[in-house]
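First comes one chain, alone, set out as structure tokens in the form predicted alone.
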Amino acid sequence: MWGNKFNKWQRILAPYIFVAPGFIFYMMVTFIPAIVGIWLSFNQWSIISPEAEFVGLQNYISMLQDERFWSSVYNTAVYALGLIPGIVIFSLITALLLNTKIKKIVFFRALFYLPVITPIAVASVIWTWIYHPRIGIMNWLIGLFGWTRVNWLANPDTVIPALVLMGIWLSIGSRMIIYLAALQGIPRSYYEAAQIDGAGKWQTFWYLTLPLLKPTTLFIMITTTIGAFRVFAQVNIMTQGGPVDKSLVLVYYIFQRAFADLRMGYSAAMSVFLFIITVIITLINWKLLGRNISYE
């Protein structure tokens, strides 16, 4: 009798016991800090002061009146508009090229994935040297075409494109692996049927491969969008928001106000704004790309 009751409770509690560590960790590092951040956005608090002062919507009003805040939002949007299509297109092309049976293909796949495992600090230093105005390889390459050398990270017109190019290099490997897995999951019988029907390579790609990759593209679009709006490390290491705030992205500006000015409440308000914008853009992606998607 007692054994039956023990087995019954064991079956009921076992799933919750296994899930509990992950749930507790999520609550500690994500959910609870998010709630505290929302509360903090309605307060004025310096990290070194003992108490927070409730100021209502003042932080949000100050945010809407802050020209540098809007400049950081604009720079982040420009960065995202360059990064997202670049990653999606080039990762898909790379996956298509690597989805072949040739010798040493594993080597090439590992080569393209190498930037993903490169620490962001190391990658930022490498790309700082690549963009060096005198000895950088980027200026050496454009010099082969007779073009004038460019100070990529100190020129207001080139700093965002330079960061976008680095961002594509950093992210293309992980997205390529996802696309490659999706391509290899498409049954060969589909392509055989298309070939029997007389479909060419372009028709097969456009009417068969691309629609079947729609769920993967949606996932990559959403994760890449979130990552683009959270860009921070390379800006902090390579440009510090310069020149003249042309690379001042939103997360870096939040960091400045929080840890340079110790305006934690104001930074929390901008963080809430960033969260709302990210959710809205994610919903737009879902609305536009999530139609008629089959996961079977």
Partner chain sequence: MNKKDQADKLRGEQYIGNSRKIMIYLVLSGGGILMMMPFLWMILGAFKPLREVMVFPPTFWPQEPTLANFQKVFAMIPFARYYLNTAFVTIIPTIITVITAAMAGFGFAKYKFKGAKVLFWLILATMMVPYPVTIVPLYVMAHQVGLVNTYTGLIVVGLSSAFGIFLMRQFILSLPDSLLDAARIDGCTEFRIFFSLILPLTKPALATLTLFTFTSHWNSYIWPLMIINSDHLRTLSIAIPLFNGQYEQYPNLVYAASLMSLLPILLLFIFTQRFFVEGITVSGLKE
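Since we're looking at a predicted model, the values are computed, not measured. Numbering follows the first chain given and starts at 1.
We do not show the form predicted in complex with its partner chain, though everything after this point is about it.
Every member of the trio P119, W169 and A194 reaches its partner chain in the model of the complex with some non-hydrogen atom inside 4.5 Å. For the chain shown alone, F145 is not a contact residue for its partner chain in the model of the complex, no non-hydrogen atom being within 4.5 angstroms. Looking at N236, you'd find a heavy atom of it within 4.5 angstroms of its partner chain in the model of the complex. By the criterion of a heavy atom within 4.5 Å, G136 is counted among the residues contacting its partner chain in the model of the complex.
In the model of the complex, its partner chain lies within 4.5 Å of some heavy atom of F259. Along 209-235, these residues reach a heavy atom to within 4.5 Å of its partner chain in the model of the complex: F219, T223, G227, R230, F232, A233.
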